[in-house]
Ligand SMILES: CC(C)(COP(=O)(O)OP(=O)(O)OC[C@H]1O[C@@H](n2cnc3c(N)ncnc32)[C@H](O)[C@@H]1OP(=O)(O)O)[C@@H](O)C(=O)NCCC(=O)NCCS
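Consider the single chain below, provided in structure tokens and representing the form predicted on its own.
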Amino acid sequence: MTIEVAVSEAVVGDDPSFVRRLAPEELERASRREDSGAFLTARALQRTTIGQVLGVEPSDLVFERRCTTCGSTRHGKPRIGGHPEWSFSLSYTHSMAVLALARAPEVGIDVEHLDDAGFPAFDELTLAEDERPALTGLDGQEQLAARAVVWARKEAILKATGHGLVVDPSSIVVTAPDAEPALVDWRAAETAPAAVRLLDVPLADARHRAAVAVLSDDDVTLTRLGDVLR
């Protein structure tokens, strides 16, 4: 069996039509955020992509949550109400949003802007000791790109499992940036996923890197939907 993951992306913008696709609760949340434009774009992408693939009006979609760690329904990994066979994941930066959708157990996607990987404590906070040699000697844009690849891979896995940053990223070991993406080791106290398929996601914007993870042993392919908001 092959799992097909649909991936869409959008440049952050202020198109008035974005507002019409969102629920009142989402608009209220956007009004309280400094990154309101990015949030609105990401949520519009989420509703439009899922509605397009499932044949549902974006405004009719209902989303539910359940936290992997505590079981709360007020936060945690979101699900599509009435469509338990589908899994999706949303990620965005200040300038770009991406979404992954699959008829699969769990999917996670993460996108990172290269500039956001430039903070001094990146290695200490993100990398396991045995991951550091692969990034040693890199500098400038090459270093930022390598960091963003590793960061996106780790967060994609943690979003697929539903743990998010409750799990220390340095306890999740992935392959080197220039190697085939894969989970190498899970050293966190939390239970490791039984299986993970990890893929890098090519993006049109060279300033970003992205990865998608699926909790399955099955083969995974990507279907690019492009910018569905255009």
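Not measured: the values here are computed from a predicted model. In case it trips you up, residue 1 is the first one in the sequence shown, and so on.
Keep in mind the form predicted in complex with the ligand is missing from the figure; the text below concerns it.
- Of the heavy atoms in Gly162, some are within 4.5 Å of the ligand in the model of the complex.
- In the model of the complex, Ala194 stays away from the ligand, with no heavy atom inside 4.5 Å.
- Heavy atoms of Cys70 reach within 4.5 Å of the ligand in the model of the complex, making it an interface residue.
- In the model of the complex, Val166 approaches the ligand with a heavy atom inside 4.5 Å.
- With the ligand left out of view, the stretch that reaches within 4.5 Å of it through heavy atoms in the model of the complex is, among 197-205, 174-182, 52-60, 32-40, 32-40.
- The single residue of 100-125 lying near the ligand in the model of the complex is Asp110, the criterion being any heavy atom within 4.5 Å.
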